[in-house]
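A single chain, nothing else alongside it, follows as structure tokens in the form predicted on its own.
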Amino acid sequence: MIPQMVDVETDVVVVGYGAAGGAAAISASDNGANVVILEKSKVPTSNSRCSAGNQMYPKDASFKEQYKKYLHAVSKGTVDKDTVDVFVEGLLKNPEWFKKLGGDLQVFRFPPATISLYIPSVTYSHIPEAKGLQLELYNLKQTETCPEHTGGDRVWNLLNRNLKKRSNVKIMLGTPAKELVKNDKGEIVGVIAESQGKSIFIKAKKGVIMTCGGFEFNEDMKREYLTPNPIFSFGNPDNTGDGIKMCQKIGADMWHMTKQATYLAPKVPDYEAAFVINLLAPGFVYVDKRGRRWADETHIECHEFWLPLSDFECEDFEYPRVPTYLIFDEEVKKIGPISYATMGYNVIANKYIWSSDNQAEIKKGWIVQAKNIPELAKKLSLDEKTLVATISRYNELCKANKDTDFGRPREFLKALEPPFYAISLWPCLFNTQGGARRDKDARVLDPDGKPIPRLYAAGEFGSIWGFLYQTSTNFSETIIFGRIAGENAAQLSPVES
């Protein structure tokens, strides 16, 4: 039922103020629409803002068509070909769009010392569609006009600065959306939200765009859709799947609800969000709850850690790799922070910067230290005999200069010597992918595949990536489909009263 009293009237309502919401609002504004952005958080700290802000591009235009075929193959039929094609075509328009806003993209290369953060440019280089494909990673260049330290923060602030210049855009912070409003024709004509403890109705004469992120902090949804368990997040604690429930209530179809981008990282009781890990020297291993090493620690694609971590042992009825323990040596401890300050809610919102020598985190008790492996096993409550055997075996492989157990490259083999350090690592979400199903025009679809009139979506909320994830395509998606949604909603004729 449409509320009789209209508190705010506009052309386009954008629900969620991350990169997708900002891009949608700019695009709608550029196409002549008045826009209201509703943001749940009092301080906008979307997952895109907390991210590294990286985008993967074909190295040059000659790889465009192959990139489409490759992404379609990676998607395994979970998204239609037209949507993948639109993604690539939109991707190639991103650099010029950023330039118009006052920002420049640059090639981004991870420091050569990076060991644990495995991000190949072509994630699945062994599949036929990847043969010869060349991709390059980009992010927004840090300049005087884009001074922020992290890539995602630079993009969000660039969008924010541009939006604040526009008289036809109103941003309402601390105003969570609660319900989508339908008219008798099935059109979405507005949003009921909460402002200062009161329910308000924002009428949308042209359309509503859902850019409200995922469900990283909704424990019920994570238990239902994701493995392993528990699973934490690097992002905004306000991401609780509100938009998913809103869209379900008005008959939208859901897709990709079981898909995720997940890393292995420290989660400490002091903070709701996790810390991103990055190791700068090779003196480390991962062991499970039994004290067993379980992988080549340097070659697990960082967005797909949920796959090996989801190994479930029926005999013991648990995930033996949750948590996993990072055991490392003095060199790793001294060479630099094991958690780097290039992304994450704790960096952007909580302003926590990990100590350069990890000493502060040792004092906090986050990192355990020990003189020998038996002592370390006791402090971690691991089986002493198993952990001693695991580290002895690893050291033997290092001395032989060949990891016959898991194939860790020779250049990353280094025997562990006392003193020893350890920290528990958990599966931690960069983001979820699930939400309302959408098409190439960013229109939200019902279970029959028909567009729900005047309802659009972009970004992490119903991401197009539904099988495995090609690295650094989520952030690109926020901009591409945000622009598409904003333009298409703005060009609609006003709803009939």
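So that there is no doubt, residue numbering starts at 1 and follows the sequence shown. None of these values were measured; they are calculated from a predicted model.
If you look for the form predicted in complex with a small molecule, you will not find it shown, but the lines that follow are about it.
Against the small molecule in the predicted complex, the set 209, 445 and 466 makes no contact: no member has a heavy atom within 4.5 Å.
Heavy atoms within 4.5 Å of the small molecule in the predicted complex are found in one stretch of 59 to 67, 448 to 456, 40 to 48, 27 to 35, which is 40 to 48. The shortest heavy atom separation between residue 53 and the small molecule in the predicted complex is within 4.5 Å.
Contact annotation: residue 234 falls within 4.5 Å of the small molecule in the predicted complex, judged by heavy atom distances. Although the partner is absent here, residue 481 lies well away from the small molecule in the predicted complex, with no heavy atom inside 4.5 Å. Proximity of residue 308 to the small molecule in the predicted complex falls outside the 4.5 Å heavy atom cutoff. Taking 186, 230, 176, 95 one by one, only a single residue has any non-hydrogen atom within 4.5 Å of the small molecule in the predicted complex, and it is 176.
Of the residues given (304, 403, 242, 153), 242 alone sits with a heavy atom within 4.5 Å of the small molecule in the predicted complex.
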